[in-house]
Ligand code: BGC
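Shown below, as structure tokens, is a lone chain in the form predicted on its own; questions about how it binds or moves come after it.
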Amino acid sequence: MTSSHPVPSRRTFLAGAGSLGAIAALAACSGGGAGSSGPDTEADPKDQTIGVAMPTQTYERWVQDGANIKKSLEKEGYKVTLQYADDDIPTQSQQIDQMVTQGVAALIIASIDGSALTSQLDAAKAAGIPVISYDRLLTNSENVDFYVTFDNYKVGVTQANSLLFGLGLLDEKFKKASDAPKGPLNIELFAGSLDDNNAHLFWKGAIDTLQPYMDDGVLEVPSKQTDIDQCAIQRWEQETAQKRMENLLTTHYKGDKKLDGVLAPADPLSRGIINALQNDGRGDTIKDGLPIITGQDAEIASIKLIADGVQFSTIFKDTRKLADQAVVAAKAYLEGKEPEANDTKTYDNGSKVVPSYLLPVEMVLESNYEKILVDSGYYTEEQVEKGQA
């Protein structure tokens, strides 16, 4: 995905002897540092730096997330260290180690692998630095203070409902359509990266919704690949999704065997799947016979495809609101308060149930993308027409 933001090279952050004084001073003014019991609640925001760790800049939404968090924190008066890890786990580990060493006042982390940062979280705890897990749950550690995300199970339910709607099985009110086809309709299933906890929740929401139709024989999966391990796409990579779709077509859809729909959990995967289908002569648009393809994240390239009748749907998760909620949580901790949680039961990270704040999601279709995305100022109509933000 091409971005107007420069993509940094992979960085290694080393603190030389000459910078130790500056690091110590930053730790003191931030209220962090080894042996600290917690943030300095009397510190002025302008004297506090918050560390923000994002997974990658190759995925449009993370560029927007990072920019939104930085903007919101700076609006509150905080300094910000924002780092992207190029989807490389050792790089992200180094970046967070350095933030802890420098004594940031709080950490907001969107992980590459939620289970790979336990030593960094231990160090943050020892330094009295509150940790906010951002959209991707940090797992296998008690040292996660709060989680801000969307209702990820609901994302999967909504994706599945959009697929059922596109296939004519549900009506516009998402009730069983009176003229629903009896089937069987052929579908294939894709899942996200197994090291992302959200991928499992998306999958569960979707499969729980689709399973009754598969049990009744209304929906069939000709490849028989119905386990998440078979359908997962590591790192959510578009090229990997395209190759898997090509292999499915070659193996299970020879001749004129029809594929009616594909459950795709994210827009880069959707676009890879669409490339494979178009290259196989399955139609340029839905009207031309292209299968119903779902998505997620309302990336501008996919919104153009939806406007053009190519991709059927996506899920809009307003990252502006998510960034704001992360800032609300960080600010609460730095003021000696507890942030408000609206879910204290769902997100068990393997070591504790992490108090969470969940935001709602919206289904985006050709019929409503303008109302949801353009009228809200998320994109302009010109950006949609160009497919570039």
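All residue numbers are counted from 1 along the displayed sequence. Since the structure is predicted, the reported quantities are computational estimates derived from the model, not experimental observations.
Omitted from view is the form predicted together with this ligand, to which the following refers.
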{"property": "Partner-contacting position among I293, I303, V104, A266 - heavy atom within 4.5 Å of this ligand in the predicted complex", "result": "A266"}
{"property": "Distance check, W236 to this ligand in the predicted complex, heavy atom within 4.5 Å", "result": "yes"}
{"property": "Non-hydrogen atom contact Q92 with this ligand in the predicted complex at 4.5 angstroms", "result": "no"}
{"property": "Contact label in the predicted complex: S162 to this ligand, heavy atom within 4.5 Å", "result": "no"}
{"property": "N198, heavy atom within 4.5 angstroms of this ligand in the predicted complex", "result": "yes"}
{"property": "Options 280-288, 74-82, 209-217, 132-140; stretch whose heavy atom lies within 4.5 Å of this ligand in the predicted complex", "result": "132-140"}
{"property": "Partner contacts for 73-96, taking this ligand in the predicted complex and a 4.5 Å heavy atom cut-off", "result": "none"}
